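Let's start with one chain on its own, the form predicted on its own, as structure tokens.
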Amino acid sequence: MLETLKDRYSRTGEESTVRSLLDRESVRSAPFWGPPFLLVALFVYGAVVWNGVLSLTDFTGIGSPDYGTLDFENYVVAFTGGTPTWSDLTVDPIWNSAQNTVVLMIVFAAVCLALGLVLAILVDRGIRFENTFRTIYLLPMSLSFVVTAKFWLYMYNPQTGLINIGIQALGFGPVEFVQNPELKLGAVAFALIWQFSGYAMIVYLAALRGIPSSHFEAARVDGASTVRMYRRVIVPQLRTATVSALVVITVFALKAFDFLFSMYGGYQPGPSADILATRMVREAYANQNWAYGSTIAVVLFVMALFIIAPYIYSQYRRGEL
């Protein structure tokens, strides 16, 4: 009798535990979040892991990858150059492409944020036709990289482009923006700044509208000028908006491949404008070095992590995740 009661109590406790687990909100909502989670795990994170493994092989796009001999030869070649075992040609290191990527990312992000902040302050101070101005300036953000590249390819045209028409009207000769090695990367950065500075303006404008008016009034009572008020009181409160916009803008700079591909009509923008994204696609598709292209993709992924990880950590520390 005593053993029967113990068994019944044990079964009752187990049933209670199972029932409590089934009653949890996360379990009851599993049919809704489970399939998307599995799809993302397979096609996003699974693809990232598989790409990392592929970068350790000698796969050239023909046949199946040999996973039996994994090594770091591709990474050594990527950073030092040389003639790898999977090719008879000498491969240049990726330092030039990495340098162009970092320069584009820094210039693009810095000018975008500065211009967006200035425009947001002007709009926030109640200029006329604010809604129209805000809509027009945000419109380029809705365009794809391909449309933006074709538009600026026309603007930069030495004969018919509006920029060169204006330059010639001032008495100067036409300037070759797209093919001049010294101006290529700057031309790309300028076009991207035109497209994304409106996004930075909207982010800053939303942050400015969220600052209590009492902060502005207190600064005026203390006798602070407009410049000092924004520099000492308002701008320091925009740190979260700055970090959020910075992450988005720099990530777009890392994946500007379709912009360069559309502007230069292929994988070869030239050494002065070659970034890691174009180098990655060129190695994989044009040179049939799929494993080496995967190696460059891993480098790009690590660069993106260095940008995104501090932002995610700061969000976690503030309890916003």
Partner chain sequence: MSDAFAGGSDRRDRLKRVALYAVLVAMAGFYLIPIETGLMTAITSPETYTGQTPFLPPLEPLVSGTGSFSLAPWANAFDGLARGLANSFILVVPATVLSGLLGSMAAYGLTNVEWRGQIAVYVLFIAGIFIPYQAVLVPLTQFWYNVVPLQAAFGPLAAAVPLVQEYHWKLVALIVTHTAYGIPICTLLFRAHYKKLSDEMIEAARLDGASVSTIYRRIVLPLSVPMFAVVFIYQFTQIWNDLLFALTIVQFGDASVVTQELVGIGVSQSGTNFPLRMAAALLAALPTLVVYVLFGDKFAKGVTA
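Numbering follows the first chain given and starts at 1. Since the structure is predicted, the reported quantities are computational estimates derived from the model, not experimental observations.
Only in words, not in the display: the form predicted in complex with its partner chain, which the text now covers.
Taking a 4.5 Å heavy atom cutoff to its partner chain in the predicted bound form, the contact residue among F216, W86, F151, Y75 is F151. For the candidate set L122, A114, I106, I211, a heavy atom within 4.5 Å of its partner chain in the predicted bound form is found for exactly one residue, namely L122.
Residues of just one listed stretch (244 to 252, 94 to 102, 230 to 238, 179 to 187) have heavy atoms within 4.5 Å of its partner chain in the predicted bound form: 244 to 252. Taking the partner from elsewhere, V40 is found to have a heavy atom lying within 4.5 Å of its partner chain in the predicted bound form. Among heavy atoms of L162, some come within 4.5 Å of its partner chain in the predicted bound form. G171 falls outside the set of residues with a heavy atom inside 4.5 Å of its partner chain in the predicted bound form. Using a 4.5 angstroms limit between non-hydrogen atoms, G68 is distant from its partner chain in the predicted bound form.
Highlighted residues F79, Q268 and P310: none comes within 4.5 Å of its partner chain in the predicted bound form, counting any heavy atom. Taking its partner chain as it sits in the predicted bound form, the stretch 129 to 164 comes within 4.5 angstroms of it through a non-hydrogen atom at N131, F133, R134, T135, I136, Y137, L138, L139, P140, M141, S142, L143, S144, V146, V147, K150, F151, W152, L153, Y154, M155, N157, Q159, T160, L162.
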